[in-house]
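Just one chain follows, in the form predicted on its own, and it is written as structure tokens.
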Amino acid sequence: MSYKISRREFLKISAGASLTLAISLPAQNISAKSSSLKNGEFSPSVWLEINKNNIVTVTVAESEMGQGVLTTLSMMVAEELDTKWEDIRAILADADQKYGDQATGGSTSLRKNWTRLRMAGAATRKILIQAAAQKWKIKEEQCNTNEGKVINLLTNQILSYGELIEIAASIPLPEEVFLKEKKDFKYIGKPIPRLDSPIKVNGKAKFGNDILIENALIATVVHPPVINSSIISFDASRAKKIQGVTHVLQIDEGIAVIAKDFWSAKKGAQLVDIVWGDKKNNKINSAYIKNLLTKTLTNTKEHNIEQDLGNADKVIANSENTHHSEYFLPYQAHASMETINCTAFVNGDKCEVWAPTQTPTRAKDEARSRTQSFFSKIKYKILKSDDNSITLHNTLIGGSFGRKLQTDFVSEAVQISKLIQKPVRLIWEREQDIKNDYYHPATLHSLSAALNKDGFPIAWWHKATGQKQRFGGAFLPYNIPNIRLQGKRISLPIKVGPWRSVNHYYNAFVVESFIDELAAKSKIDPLEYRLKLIDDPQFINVLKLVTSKANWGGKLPNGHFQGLAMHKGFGSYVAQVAEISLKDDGSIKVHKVTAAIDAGIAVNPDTIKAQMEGAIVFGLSAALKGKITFNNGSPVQSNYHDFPILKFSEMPVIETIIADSDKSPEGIGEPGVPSIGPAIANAYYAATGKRAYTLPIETS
């Protein structure tokens, strides 16, 4: 595959001690089938460095929150650079406009870097070959590379990459580079151990709460107990009597208590006397929300039509064989193991931040907005010139699932540090984290279908409502001639935001539960039913892979039952079979989950398996365990005792089959979540004859 490079730019730094490649990058994803880069100029970004000792340092602009990007993105560079894997190092990039918009979400890390990071490696390799050819006074074609060395094919002489960096630094970027075909991959497709595993095992890994700045104080914040309630007044006299408490301040989000240690800050926060006003939202409770959703859902004429194929409403109205169901999915919290934290130091006009954030660019902008003058902010916006007065270091993230896309915690830390002009480490307790989350929104769905004489749907009508309700993932993979999707958003002051798999989670649950209902109504095996309704070869492949491996329809242990579900999201195709039994109290025990995924070329199979396992565990917690409810304008749940997640003792066996593919890589972080809920719900029906119309599944 041939790619043209639009700009010649090659930088030499540190007096010849290392070689850094600044390469022009596409602003959009480029298919592996593209023959060249197009559409003009792109912002240059520095991605890799080679030093004289042959060490290759890859700078990763994505956030590392457990999904393995430090390793998989480095594999792409190493593959095309043709260097030894043992010589690869990876570091997280600080927030910098030279990397473009730094945001990690939507399972995009592999997809958006598949071409550009391989190009960076390939261009560097080509330049190093040119450098060796110059030194040996031979043609480039008479050189080859292997494991970080250039080989003279005429004499078998060898020069390491590190020996060539000074010559290479004077060579412009090549006009064109060639990327490897899949058959020639040395690293891509292999289960390579993660680069960040050793430092996580030996304790050297730096997560947000591992940042220790000299003389930093510890801060916590008392947030409003009722949604959007404001502060009328506060009395900090009792809090200030706690030894170690240094400051009690009002910030935009609440009352900040600052101390020399966390325990003192926590005790002080409990003793601040606050008079809260503006409690108009105290009427909000779960019953009120459910009633609002129900009223909104019934007013179909007010709903936006997202898809209208044929005449679904008329066909259903005139059909003698119809089926109808309603599904409700409650609010969900992110509840990652690492709670919210951020370290900030505002010193005059300068601000330095250390944050476990999915959005370094937005977080840096938030810090800028909190520290710089109006004139400075306008100047930056117009000129797009960074004076480096704001520095944001992105740390490793101990779980996020979308929560750390928000920048509220950066805002709090910067505000506090600016007020006291000292470094501050902000720490939220678990209770603060869960009660002040940007929740996954609750949604209510109504589905109706008309069936032909053979029991297959000829019309499908899906209506939905909720905060930020979206139909992504509800667009059917099934061949049905009449389809209508309608939705309407409701307005509530509850903060909501992205949550692992976002709208695919609830849409997959209702679609795959309802299709299973139709199969049962028609007395047709759920696998056979689906296969009759789809013609997408990738869906057919993952369905056959997963059901074969799970022994679908075969003999199971006594009291065991299976459920099937499938979904396409973030470019990837997933099918899952859940095997369950019922405990004496009627609750569900999940014994095994078999999953098949087609995510394009598998860059690192171990990473895909780990991500599928993590996604399934995350989805199981929502399917069997936790939900967020509201009472008197406040979230009820506050910690793992009332918002439980899956325990080690409840962990099923998970087997992942990765479909072989020649297509570009697709998402892997989120696609495993949507189908586990309906797979469990469908298995529960097989066990009990009862349908689950909400998650978590109500078994009592």
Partner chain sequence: MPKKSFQVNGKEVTLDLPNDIPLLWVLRDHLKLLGTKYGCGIGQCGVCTVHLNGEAIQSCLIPFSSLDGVNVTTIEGLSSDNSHPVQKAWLEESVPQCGYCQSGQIMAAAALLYKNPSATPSQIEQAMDKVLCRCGTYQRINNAIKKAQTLISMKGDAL
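Positions refer to the first chain, counted from 1. Bear in mind the structure is a predicted one, so any value in this text is a computation, not a measurement.
Note that the form predicted together with its partner chain isn't included here; everything after this is about it.
Annotation: in the predicted bound form, residues P224, P330 and D585 none come within 4.5 Å of its partner chain through any heavy atom.
The shortest heavy atom separation between S336 and its partner chain in the predicted bound form is within 4.5 Å. Within 4.5 Å of any heavy atom of its partner chain in the predicted bound form lies no heavy atom of K98.
Heavy atoms of K200 reach within 4.5 Å of its partner chain in the predicted bound form, making it an interface residue. In the predicted bound form, its partner chain sits beyond 4.5 Å of every heavy atom of P665.
The stretch among 423-431, 450-458, 359-367, 119-127 whose residues place heavy atoms within 4.5 Å of its partner chain in the predicted bound form is 423-431. Checking Y529, F401, W354, Y573 against its partner chain in the predicted bound form, a heavy atom within 4.5 Å turns up for just one residue: F401. Proximity to its partner chain in the predicted bound form, defined as a heavy atom within 4.5 Å, singles out one entry of Q611, T395, Q486, Q469, which is Q611.
Applying a 4.5 Å heavy atom cutoff to its partner chain in the predicted bound form picks out N639, Y640, H641, F643 from 626-643, in order along the sequence.
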